[in-house]
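Single chain ahead, written as structure tokens, the form predicted alone.
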């Protein structure tokens, strides 16, 4: 028995194939689906194969994937695949826990397309493609917003006319929840206890920070969309909303064009006018570049602000965790963030922090708060949820 964990976006499909013991057999990426220059890449046994090939839509991507899995003998037939776990970016108010996908669920997801048009539309096309190719397999939906289902109204409602929430569903939903849940589960397993207060910092091209109490998220930095919250690689994070109409008038742009600027031309890239990489920014700032120094300090300040805010909300913290590609791999960034938090009594072991050696506690024994590096595997988390439905 094998299962697939997949993530469809507007023009791509990422996947991982697992055996029943959660053994990763092969993973890969289909790129530029529906565009010229489409290709796939498969990774397995410390090697990879890649081919440029016409991938006109999600149906073709799934067909090619299943053929390659058989050609490479990862499966003997498509019947070996018992289920497909789909990452679904937005569950709205409807879905928190993972769900067996049927026609009713699909109709409900169609109603949520407006909340994440590109991702949800692609996910629905992917579900249909796998239903067609694997008629006997179960389709499981795993929601990125699901981790935030326990957030209280005081924390998820915006101070805007209530009818915006009741009529249009405008509220904080949060994102990157699958990664945060994976970090929480890893900490629980490590300390053999579920009663802890934790601030989880997911730092990659996006930044998402969540406050967790007894395994449940009580607040998170991202909101109605992933644009809000901390400063990111190309996203602004929180700003004064009146800036939008002001710049619209100054530059003759539409609201959607300004939102595009806030998503793709802001954050580290916008402020530094140099790079969207915090690693590049830190190095350039060390060489004396003023804009990069400002961008670095602003980026760190926004993360520290959220940690401090959630420290108060939680009434103290047992653990601060760093996950995401940058959170796990940048000892320099972790050091600069924790130095800003010394007033809370958190102390970093600089030798351990510099090792970048996977999951580990990198705080000193005298620290009031344990600091963990927590590598997470989003696809393994999706696989875990998927296996629950068929075991």
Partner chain sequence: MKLLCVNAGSSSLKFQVFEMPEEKVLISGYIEKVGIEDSFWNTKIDGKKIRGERYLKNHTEAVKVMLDEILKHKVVKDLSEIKGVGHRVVHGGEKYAESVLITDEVIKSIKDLTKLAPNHHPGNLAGIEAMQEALPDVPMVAVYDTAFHQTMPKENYLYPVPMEWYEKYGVRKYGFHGTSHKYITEEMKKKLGRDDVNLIIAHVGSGGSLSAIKDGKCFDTTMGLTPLDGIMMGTRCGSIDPSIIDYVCKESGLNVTEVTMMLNKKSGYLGITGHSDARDVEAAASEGDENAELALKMYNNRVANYVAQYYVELGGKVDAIVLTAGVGENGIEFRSNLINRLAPLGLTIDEEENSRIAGFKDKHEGIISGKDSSVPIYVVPTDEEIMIIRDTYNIITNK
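Predicted model, so just to flag it, every value in this text is computed and none were measured. Numbering follows the first chain given and starts at 1.
Omitted from view is the form predicted together with its partner chain, to which the following refers.
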Item to check | Partner-contacting position among 191, 243, 100, 106 - heavy atom within 4.5 Å of its partner chain in the model of the complex | outcome: 243
Checklist outcome for this item: None of 80, 289, 238, 280 but one has a heavy atom within 4.5 Å of its partner chain in the model of the complex; the exception is 238
Next on the checklist: Taking its partner chain in the model of the complex, would 149, 360 and 370 all count as contacting it (heavy atom within 4.5 Å)?
Outcome noted: no
Checklist outcome for this item: Partner contact check in the model of the complex: of 133-141, 260-268, 71-79, 207-215, the stretch with a heavy atom within 4.5 Å of its partner chain is 260-268
Checklist entry - in the model of the complex, does residue 92 have a heavy atom within 4.5 Å of its partner chain? => result no
Checklist entry - Does residue 110 make contact with its partner chain in the model of the complex, using a 4.5 Å heavy atom cut-off? => result no
Checklist entry - With a 4.5 Å heavy atom cut-off, would you call residue 125 a contact of its partner chain in the model of the complex? => result no
Checklist entry - Is the gap between residue 155 and its partner chain in the model of the complex 4.5 Å or less for some heavy atom pair? => result yes
Next on the checklist: Just to make sure I understand: among 331-349, which residues lie within 4.5 Å of its partner chain in the model of the complex, judging by heavy atoms?
Outcome noted: 340, 341, 343, 344
